[in-house]
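In the block that follows, a single chain appears as structure tokens, in the form predicted on its own.
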Amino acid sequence: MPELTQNIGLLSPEFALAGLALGILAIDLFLPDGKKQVTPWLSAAGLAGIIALSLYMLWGRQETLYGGLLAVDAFSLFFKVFFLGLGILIIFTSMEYVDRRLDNPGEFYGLLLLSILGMNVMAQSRELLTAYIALELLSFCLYVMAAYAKGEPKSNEAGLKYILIGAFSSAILLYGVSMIYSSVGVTRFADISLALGSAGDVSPALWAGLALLVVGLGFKVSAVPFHMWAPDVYEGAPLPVTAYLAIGSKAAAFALILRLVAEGFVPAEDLWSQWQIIFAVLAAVTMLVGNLVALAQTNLKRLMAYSSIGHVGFLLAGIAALAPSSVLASNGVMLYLVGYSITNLLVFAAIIAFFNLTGREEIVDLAGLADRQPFLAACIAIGFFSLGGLPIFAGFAIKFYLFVAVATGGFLWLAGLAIFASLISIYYYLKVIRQMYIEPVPEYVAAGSEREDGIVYEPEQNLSPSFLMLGVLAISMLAVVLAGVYPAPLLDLIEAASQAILPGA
């Protein structure tokens, strides 16, 4: 009994997060309409407190809970703090948009908190069914959030498409888990690696189960050819939800994939050498298709969707290069996730601020933005330069590190292809920057115009983003530059996290 109590204590951050989410939902029921703006501040304060609690209780702990179902280690702590901090920034980025355009803000933030709980458990999971349940908790919250703008047909369409594709991919994933269990009789990652390593011949059922597992996770991260849902869902969902889909859900899914592959596949070196080429081909197709199709996009959300697909290809290349004797590829994937997330947050925060002022989201609507909103234009430009991999920004450091890890792992051709795909991406990023800095301000913007919601606004140059949004933009921009010129402290934390899942490296 004392041991059980101690184990429950190590999950205090998760219990606190669940309590916070339920508390926000309950508070929203009793607050009058004019007072509901307090819920995002309470949510952000609660997340900050949970970060402090997590660091205090879990720093330096290396334990496995409940017979190998969950891990409390440097890897899970790293992603836990990352997800909680990301949640705070997403809340601050969303506040003005939610206040103006969405009903029931408490329910929105409650769903956001519950999704972060699912992400935290995904990073801790060391067993397939536990990971599946955590993934479904995240997915269910995202289904509702994508359709949260009930009065907008595109949002309803996005939610419907997302839940149909999500349910289909979850069924594939669960069927793969059942086939793996029927073949080897275990679902823990470490036990799967032992079964794969000791098996002389891998049965066809096990191969099919592993393939279905990869396909199901491929749907979740929108890897090609399982990406068809992403552009439509990104375009239809409310902008803060699109940002969260592009950043948080991707990071959580890759945290799960990284632990699954590192603990379940990589130790079985003979089998992993065969699966590496599968991940490499999947990465190559994903990065090429994502970046090539992005060239034809005219909507900012769809552009960011295909850009996100291209970056998934780069991350899959890092997964393909994982090796039992080196943490280089693992470090590269985690560094890429952090750098990609803060850069995408900078871009989306600026796009949300622009949308709050104008109600527009087409690339041509950015024409002349440098003249009427120079700070927003600078944030978008810096974010796109970083996503393209230009020095001195985070994108250069993370791509350099990851591509070196891929080449060192024996996939020199894949690293070369990734560099080529990055060059393609620079073209469509520059297309947006050209609109902001070279194209003139449209006449309908200079004179003021009637927006889609029927309200006539004054000319945009007389408006400015809120102080809170400006603060988020400034912090994100500083983080993008700092991660590009001095990533060493971050790499020290990542190194410890990698050692937790690759102890033999």
Partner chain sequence: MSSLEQTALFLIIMVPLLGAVLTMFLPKDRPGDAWYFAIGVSVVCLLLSLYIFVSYDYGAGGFQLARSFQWLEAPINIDLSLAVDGISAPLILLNGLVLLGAVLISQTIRTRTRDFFVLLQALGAGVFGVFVVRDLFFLFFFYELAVLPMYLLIGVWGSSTDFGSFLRTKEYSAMKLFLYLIAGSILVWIGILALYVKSATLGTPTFSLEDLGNLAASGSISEEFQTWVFPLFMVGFGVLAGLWPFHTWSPDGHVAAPTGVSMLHAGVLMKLGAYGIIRVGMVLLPEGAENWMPLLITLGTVNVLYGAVSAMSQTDLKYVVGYSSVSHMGYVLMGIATLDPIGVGGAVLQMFSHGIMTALMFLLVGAVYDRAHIRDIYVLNGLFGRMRVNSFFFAIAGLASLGLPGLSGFIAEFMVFTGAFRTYLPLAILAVVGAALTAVYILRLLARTFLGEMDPRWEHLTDASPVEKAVGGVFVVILIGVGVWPEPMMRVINVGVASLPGI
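Small disclaimer: the values here were computed from a predicted structure and weren't measured. Residue numbers count along the first chain shown, from 1.
Same protein, other form: the form predicted in complex with the partner chain, not shown, and the subject of what follows.
Can you check 212 to 220, 88 to 96, 324 to 332, 307 to 315 and let me know which stretch has heavy atoms within 4.5 Å of the partner chain in the predicted bound form? Of the options, only 324 to 332 has residues within 4.5 Å of the partner.
Can all three of S54, L65 and F82 be found with a heavy atom no more than 4.5 Å from the partner chain in the predicted bound form? Result no, not one residue of the spot touches the partner chain.
Considering non-hydrogen atoms and a 4.5 Å limit, does the partner chain approach I433 in the predicted bound form? Taking the distances in the predicted bound form, the answer for I433 is yes, it comes within 4.5 Å of the partner chain.
Test of understanding: in the predicted bound form, would L300 fall inside 4.5 Å of the partner chain by heavy atoms? Heavy-atom contact with the partner chain at 4.5 Å: absent for L300.
Would G389 show up as a contact with the partner chain in the predicted bound form if we use heavy atoms at 4.5 Å? Heavy-atom contact with the partner chain at 4.5 Å: present for G389.
Heavy atoms within 4.5 Å of the partner chain in the predicted bound form: does P487 have any? Contact check for P487: yes, within 4.5 Å of the partner chain in the predicted bound form.
Tell me, out of F78, F355, F396, Y143, which residue has a non-hydrogen atom within 4.5 angstroms of the partner chain in the predicted bound form. The residue from F78, F355, F396, Y143 that makes the contact is F396.
State the residue from W229, Y132, F400, W275 whose non-hydrogen atoms include one within 4.5 Å of the partner chain in the predicted bound form. Of W229, Y132, F400, W275, the residue with a heavy atom within 4.5 Å of the partner chain in the predicted bound form is F400.
Those residues of 401 to 419 which, in the predicted bound form, come within 4.5 Å of the partner chain by heavy atom: Going through 401 to 419 in order - heavy atoms within 4.5 Å of the partner chain in the predicted bound form - the hits are Y401, F403, V404, A407, T408, L412, A415, G416, I419.
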